[in-house]
Structures are given as C-alpha cells and as structure tokens.
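What follows is a single chain, given as structure tokens, in the form predicted alone.
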Amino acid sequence: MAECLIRAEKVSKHYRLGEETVRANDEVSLEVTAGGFYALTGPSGSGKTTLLDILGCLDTIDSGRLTAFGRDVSRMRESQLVTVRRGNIGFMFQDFMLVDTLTVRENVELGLALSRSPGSPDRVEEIIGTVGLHPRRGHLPKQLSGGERQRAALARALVSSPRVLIADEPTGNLDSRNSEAIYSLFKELNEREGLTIVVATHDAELAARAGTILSMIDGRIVP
C-alpha cells in the first residue's frame, strides 16, 4: 500500500465577507498518497485554490484535522509550517512567480536556497535540462515565452527534490502547444520519478492525465 503523505479529515476553511460567511472549504476529506497524480476540478470559486493552500501547508484550517508527512499540522503556526514545507513540497502558480531580474538559472538557484535543501551546481543544471531549458538558462524571464517561463517555474519547484508538487492552474496562461508540453512533463515526472502531483485545473485534458480526479463544488468534493 502506498504511503499516505497528506491527509485531510473534515477540513474546513471559512472567511467573513461583510455579513456573509464564505465556506471556501467545507468538511473536505481526502488522502494524497506517494506516487499519486491528483487533479482538482470545478468552477471558479469552488474552493480549489484554498484546498491547495491547505494541502501545501500555506494556509491554516478552522476545523478538522490535517496531517502532512507524519505530522499533525492542524494547529501549527506559520513558523512551524515552513519547516514542514521545506524539502517536502514544491509549488507552481498560474502567473509563474519568477523574479524578473534573475536569469532562469538564478531563479532555479533561488528555489534551492529558499528550501535550504542540500544541492549543487550539477543539480541545478540537471533540473534545467529536465525541463528542456538548458539553452535558455542565461535568459531573463522577459526573454522567454510563456511556456518557457512555466518550465522555469517547474524547474524551480523541483530543484529541491520535493516529495509533492502542488500546481495551481499551471496551464491557465498557456496556449495548447505549451500546455501539452507541461502535461507531458507532469506525466513523465509522475511515472518515471514517482513524483506525487496535486494540480488544480479547468483544463479537461490535463485532468484526464491524472490518476485521480476530484471534483469540487461550493467548497466540497463531490462524486
């Protein structure tokens, strides 16, 4: 049986918006097991991003229980959550989130430095090669296409060798050709490297590549 890396048990996250309570996540339960590929689908506002933030230990919960990598993180402070994330979770975002003044290589090196993971110049070069950006490693983000920027963001997320990759709408700003390149990289990393992937997406083709599809509506996972 595959190891359970992250487990949510009736996890809820609510926000106050004026007089209204927004139930961003409402008693969500799921398990993320080692080597799995999960796609969260659903309309905008269904709670996908909030759930990714919770699973990635970027946000706290209001109720329920969350365990990550063998630790109960339900009531941890941010300073404690940082230690859980480091070396365990890599993040990708729709808007790339690259540092504009740094080259591809420097952005990837930054990911290694922030994770405080042991690494080497060889590891940086290896991961840049894995995403097909070796000839562009000296370029700034503004000199790259959207697809190249997202591949640079993927390299930065992977350079610390995380156990789980969490990606929020990673193809949302890409055309079909570049989206296909990201799909293929995800599938290869999952199948060849055993990387656990959790992705939120509106893209039916990307969701179809996942081994498990979780549909969300109004903050809940539905059949």
Partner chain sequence: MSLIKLALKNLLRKRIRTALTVCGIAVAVGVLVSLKGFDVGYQNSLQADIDKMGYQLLVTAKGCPYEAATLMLKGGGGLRYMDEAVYARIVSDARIDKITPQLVQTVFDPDKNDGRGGLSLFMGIDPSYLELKPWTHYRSGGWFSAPDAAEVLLGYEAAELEQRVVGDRIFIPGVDEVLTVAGVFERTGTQDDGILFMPLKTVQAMFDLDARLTGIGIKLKDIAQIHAFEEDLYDEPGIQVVSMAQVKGTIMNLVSSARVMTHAIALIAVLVAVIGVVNTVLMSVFERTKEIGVLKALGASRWDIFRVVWLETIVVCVLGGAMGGLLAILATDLVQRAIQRVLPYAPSGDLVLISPALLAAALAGTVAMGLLAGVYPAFRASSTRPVVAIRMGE
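Positions refer to the first chain, counted from 1. Since the model is a prediction, treat every value here as computed from it, not as a measurement.
This protein has a second form, the form predicted in complex with the partner chain, left out of what is shown; the following refers to that one.
Shown here without its partner, the chain carries V99, A113 and R156, all of which come within 4.5 Å of the partner chain in the predicted bound form through at least one heavy atom. The shortest heavy atom separation between N190 and the partner chain in the predicted bound form exceeds 4.5 Å.
When the partner chain is considered in the predicted bound form, T49 lines it closely, a heavy atom lying within 4.5 Å. Shown alone here, D95 lies within 4.5 Å of the partner chain in the predicted bound form, counting heavy atoms only. Remark: E106 counts among the residues lining the partner chain in the predicted bound form, judged by a heavy atom distance of 4.5 Å or less. Residues within 4.5 angstroms of the partner chain in the predicted bound form, judged by any non-hydrogen atom, belong to 54-62 and to none of the other stretches in 171-179, 30-38, 54-62, 190-198.
Counting a residue when any of its non-hydrogen atoms is within 4.5 Å of the partner chain in the predicted bound form, the hits in 61-86 run E78, V82, R85, R86.
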